[in-house]
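Take a look at this one chain, the form predicted on its own, written out in structure tokens.
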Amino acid sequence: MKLSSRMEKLPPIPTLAMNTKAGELRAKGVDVISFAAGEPDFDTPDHIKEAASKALFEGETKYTAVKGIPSLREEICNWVLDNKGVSYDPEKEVVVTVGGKQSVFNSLHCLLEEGDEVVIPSPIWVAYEPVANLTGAKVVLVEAKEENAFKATADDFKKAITSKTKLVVINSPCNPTGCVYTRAELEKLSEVILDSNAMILSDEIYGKILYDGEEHVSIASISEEMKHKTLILDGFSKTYAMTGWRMGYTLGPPEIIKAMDTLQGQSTSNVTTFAQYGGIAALKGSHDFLNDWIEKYDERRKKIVEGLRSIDGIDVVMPKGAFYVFPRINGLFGLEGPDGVLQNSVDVGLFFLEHARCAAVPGAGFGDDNFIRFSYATSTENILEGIDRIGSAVSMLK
């Protein structure tokens, strides 16, 4: 059976592929430390699980509105007003999606078509470019330079935007680099967007995971005009350790949210009903657990950066948000290991997996082959052991 040509545009997602390889090795008894998974290593807080369980046993197992139950949409809008300073109508301006990926898929498919352009900074999360390609739109990549902490400037975006640009994507804090855009940087970018025909898709899923006094600013909060040109993507996975619950949301102009609701109605329909009650508990309940989690992330962040910087051929910018580091590893290119010469980030990733028993995600999937992504959402013990293993493996190279 011949598959459709559109599937040729859609590669396997590299973050899951590397984590799967690590799992396969573990199943064979190999002691692998995985730095590949983009999810917290903490458990979902009990009050959230209890709310979902209570809803399940009270019979909340039927279909709901595609865009989510009214009480969840109302709590999302309350939380966004309190935490981002932007007001939304829970009836017309928010849709609950099956994870953040569905927000990306729905947004791009509702806005883009053949002939349009979408501007995406690179490096960035792996899903944006493939899904945009699937719509038939042209992807225009903007280099987010390492010397500017992996942040593209307003001038960089301005040079990339044309009359055909329909959408600009930003992700702050960013996966994979951990960069965080400042208010001043977003104000300058908003001027560029308002002077164009483009909208902006602002991925804010890591907005609560920040370090060194950094502030999360939603570009939608810059002005009322900017709010009307912004789609906010957010969700429960990272803040509440709910990756497997598959629950995200998008906020934006009513006509776009209505279109997303229609598209989702023809695909997944609503998010699992009793899980939505867990979402309400997450938003309304105490967030004190985050203080402990971020304290642990911060300790790990410093340990992994210090460790990677101690290895010849590797350097890394200190991240300011999320739970990833994105070290430069092209200093290892041209060196020879047991399996041959390392030529790119995939070679380095496989070398780390096979000879250091550590899984990390090659930077090629994020748009820059000179880097590799490590998640430090794992124990400090794993980080220290992993650094030792990688250091020993690198010392084998000639």
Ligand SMILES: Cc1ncc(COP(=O)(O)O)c(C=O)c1O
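The model shown is predicted, which means the values in this text are computed figures rather than measured ones. Start at 1 and count along the sequence shown; that's the residue number.
Keep in mind the form predicted together with the ligand is missing from the figure; the text below concerns it.
- For the marked spot (Y128, I205 and K238), a heavy atom within 4.5 Å of the ligand in the model of the complex is present in each of the three residues.
- Of the candidates I219, L233, L72, I193, L233 is the one whose heavy atoms come within 4.5 Å of the ligand in the model of the complex; the others do not.
- Out of the listed residues G178, P121, G278, G100, G100 is the one that sits within 4.5 Å of the ligand in the model of the complex by at least one heavy atom.
- In the model of the complex, the ligand sits beyond 4.5 Å of every heavy atom of K138.
- Contact annotation: R246 falls within 4.5 Å of the ligand in the model of the complex, judged by heavy atom distances.
- Put simply, Q264 is far from the ligand in the model of the complex: not one heavy atom of it is within 4.5 Å.
- Residue contact with the ligand in the model of the complex: N171 places a heavy atom within 4.5 Å of it.
- Residues of just one listed stretch (311-319, 184-192, 100-108, 209-217) have heavy atoms within 4.5 Å of the ligand in the model of the complex: 100-108.
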